[in-house]
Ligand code: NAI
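Shown below, as structure tokens, is a lone chain in the form predicted on its own; questions about how it binds or moves come after it.
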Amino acid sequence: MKHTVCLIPGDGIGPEVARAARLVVDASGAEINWLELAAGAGAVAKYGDVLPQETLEAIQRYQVALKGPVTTPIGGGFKSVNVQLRKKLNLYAAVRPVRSMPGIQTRYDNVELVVIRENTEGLYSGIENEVTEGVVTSLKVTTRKACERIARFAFRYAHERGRKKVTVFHKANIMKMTDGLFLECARAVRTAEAPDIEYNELIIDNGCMQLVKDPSQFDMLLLENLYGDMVSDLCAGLVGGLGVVPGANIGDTCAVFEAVHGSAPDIAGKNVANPLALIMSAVMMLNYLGETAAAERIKNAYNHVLGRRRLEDLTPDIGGRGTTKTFTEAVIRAMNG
């Protein structure tokens, strides 16, 4: 079956890593019809908007997208493209698998966990006000509907992927109503729909300490929006950084798979960007589309390339002296070999 996938190259190194991911997917045997679309800072000149309406409508129509990194200004400028996509497409579940990679040396071995993050509300609702001069507030929005929805997603994911334990990180000792509601919903969904899944709760500061002491004690983490954003990056640091982890934003009708690292404008156009994170995200996308054989082929290939540690094949960020092009070619050769 041929699938139409919306491809958003993004900004900075985005076009380079998107091109690499596309080449790898095409070489895997999956039949993909790519529809390239604009979003991010580079879309403003042509469309006058960082998220053009035609891009949004195409994702709604074809229901799946692969997205490179996009630039988001700090403290001003336009709103985050990523946040807009999540809200406008109702991509309420962020999924970040984190695992130790062959040949990537870190302080930890055998890390294998998944972070599930509620993606649509909390402090990221963006409701901020200046009460009086020098005093601003930010409103944390928590709804029962969203809490129950993300809890159901997490426990369903655990069943589908053979996961055994879900741990909720929270701050309900201080934010008794908002985080309290998140816990209440997680407990209720687990009792009603997943009593066979082991369940635990940790105050987030203790949870972060436990993560850096021994990440192997965790299987799946379930968090509200802000905590999930921070903890998913912390977990990426356990296995080598944002360049070696994939990401997905999933709703009931659409899904956007993305590299979660930045657009790295300082190295854009230099052919040294590591495309692995977007290639891994493409593997998640292929599994989502039911193209599991192609996904496994790609995964085995990049594991082989990483484990072999041939420095000419690896980009500088993972200790090599190769390029975006040599890494991509090495993965394709490994699939064909």
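As the structure is a computational prediction, the values presented were derived from the model and not from experiment. Don't overthink the numbering: it's just position in the shown sequence, from 1.
Just so it is clear, the following notes concern the form predicted together with the named molecule, a form of the same protein that is not shown.
Gly243: touches the named molecule in the predicted complex, heavy atom cutoff 4.5 angstroms: Contact check for Gly243: yes, within 4.5 Å of the named molecule in the predicted complex.
Any non-hydrogen atom of Glu133 within 4.5 angstroms of the named molecule in the predicted complex: No - in the predicted complex, heavy atoms of Glu133 and the named molecule never come within 4.5 Å of each other.
Contact flag, Gly126 vs the named molecule in the predicted complex, heavy atom cut 4.5 Å: Output for Gly126 is no: heavy atoms all beyond 4.5 Å of the named molecule.
Contact test in the predicted complex: Thr71 vs the named molecule, heavy atoms, 4.5 Å: Yes, contact at 4.5 Å.
Val168, Val260, Val115, Ala255 - the one with a heavy atom within 4.5 Å of the named molecule in the predicted complex: Only one listed residue qualifies here, and that residue is Val260.
Triplet Asp179, Leu223 and Leu226 all within 4.5 Å of the named molecule in the predicted complex via a heavy atom: No: none of Asp179, Leu223 and Leu226 comes within 4.5 Å of the named molecule in the predicted complex.
Which of 298-306, 282-290, 266-274, 58-66 lines the interface with the named molecule in the predicted complex (heavy atom within 4.5 Å): That would be stretch 266-274.
Members of 286-322 lying within 4.5 angstroms of the named molecule, judged by heavy atom, in the predicted complex: Counting only heavy atoms within 4.5 Å of the named molecule in the predicted complex, the single contacting residue of 286-322 is Asp317.
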